[in-house]
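Before any questions on how it binds or moves, here is one chain, the form predicted alone, in structure tokens.
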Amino acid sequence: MQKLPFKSIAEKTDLKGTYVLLRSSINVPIVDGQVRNQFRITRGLVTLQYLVNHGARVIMCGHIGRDGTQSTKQIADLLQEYVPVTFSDEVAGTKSKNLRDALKDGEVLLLENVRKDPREKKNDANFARELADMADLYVNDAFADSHRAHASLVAVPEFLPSYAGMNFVHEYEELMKARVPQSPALFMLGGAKFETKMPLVEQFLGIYDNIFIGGALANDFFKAKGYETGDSLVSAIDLSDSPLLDHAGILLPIDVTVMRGKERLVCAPDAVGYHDIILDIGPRTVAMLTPLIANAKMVLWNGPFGNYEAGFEEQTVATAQLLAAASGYSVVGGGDTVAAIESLFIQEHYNFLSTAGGAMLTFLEKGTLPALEALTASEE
């Protein structure tokens, strides 16, 4: 593996008594006041416990939810099982500074959701300075959030010596492998919003032997081919004149699962009815993928093939089981994709499960992220 373009906190051991601002990935689903999925929290524990065990005084921050209305209090309650944690119900301010001053070596202060302060999303330098003023150095372990040019991710490194956390390094190294796969290589892409993923598909056609397009992304191809898509989710993009439409390297579902009224049925893509809703791929498509998965030296997968949250997880689960049994190198990301794998308790059968969704796709396309560049530019 090539030399990292940024410093890793694992290189630094003299942390006793040092105030460390740790930007963590804590954006996890909370239902009825309880954390529903701990995947990102668990992955972040390696860095957090490293800092605690080396006597650092950790000021931990992150966001949860999109609009800043949710609290990180439940995260603090969860972390109590692993490390000594105090919670501040404000982000930067007098209360947080007083709690910071009260920290002892090996203790953690979790700040309130940084998105409760509107300056976070605005990448406000004054807000970044307020956060930085609480610490001696900065650690970014939030790879999953690092495609955002927000203050706690890209502005804070301008004010503090900055390092990547262990999970950040792990994500970087594994996704770099996925950018230069051994052949034969298979890229499976699900989810929605093809307009945001089109540049990556175009780039990876020259890198991967086959790209399978599933999920709602496939509906855009069906529409461009002149097929009826009924009431299915399609994006505004028009692929009718795109060279992708008939590219030999692109594979589309050969059957789909639809809802026709109250009936769930499987049909060919060109047999979808006027009011049908395409909600998953079909079993014949999984059978088509089976030898490609079995023979690939690298399989990269991001995004489910069905409306997972609505209960259309069958073919995503079937694909996950196939990939778990394959011998090639497997890199998987996207929240619902990883959730499907976790529901089967087969995580250990994959080479790497990414904590990232959008950041994973951005990094695969560009080889960098705004927050990664901020770490690279930071001076000791």
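All values derive from a computational prediction rather than experimental measurement. Numbering starts at 1 and follows the sequence shown.
As for the form predicted together with a small molecule, it is not shown, yet the points below apply to it.
K.L.:
Since exactly one of Ala296, Val156, Leu300, Ile278 fits, which has a heavy atom within 4.5 Å of the small molecule in the model of the complex?
P.N.:
That would be Ile278.
K.L.:
Heavy atoms within 4.5 Å of the small molecule in the model of the complex: which stretch in 321 to 329, 346 to 354, 307 to 315, 48 to 56 meets that?
P.N.:
Of the stretches listed, the one contacting the partner is 307 to 315.
K.L.:
Within 4.5 Å of the small molecule in the model of the complex, do Gly191, Lys197 and Gly215 each have at least one heavy atom?
P.N.:
All of them do, each having a heavy atom within 4.5 Å of the partner.
K.L.:
With heavy atoms only and a cut-off of 4.5 Å, decide whether Gly334 touches the small molecule in the model of the complex.
P.N.:
Within the cut-off, so yes.
K.L.:
Would you please decide whether Met176 lies within 4.5 angstroms of the small molecule in the model of the complex, comparing each non-hydrogen atom pair?
P.N.:
Residue-level check for Met176: no, no contact with the small molecule.
K.L.:
Since only the chain is shown here, I'm wondering whether Ala224 would be in contact with the small molecule in the model of the complex (any heavy atom pair within 4.5 Å).
P.N.:
No - in the model of the complex, heavy atoms of Ala224 and the small molecule never come within 4.5 Å of each other.
K.L.:
Can you tell me whether Ile207 touches the small molecule? I mean in the model of the complex, with a 4.5 angstroms heavy atom cut-off.
P.N.:
Close contact is absent here: in the model of the complex, Ile207 is far from the small molecule, nothing within 4.5 Å, heavy atoms only.
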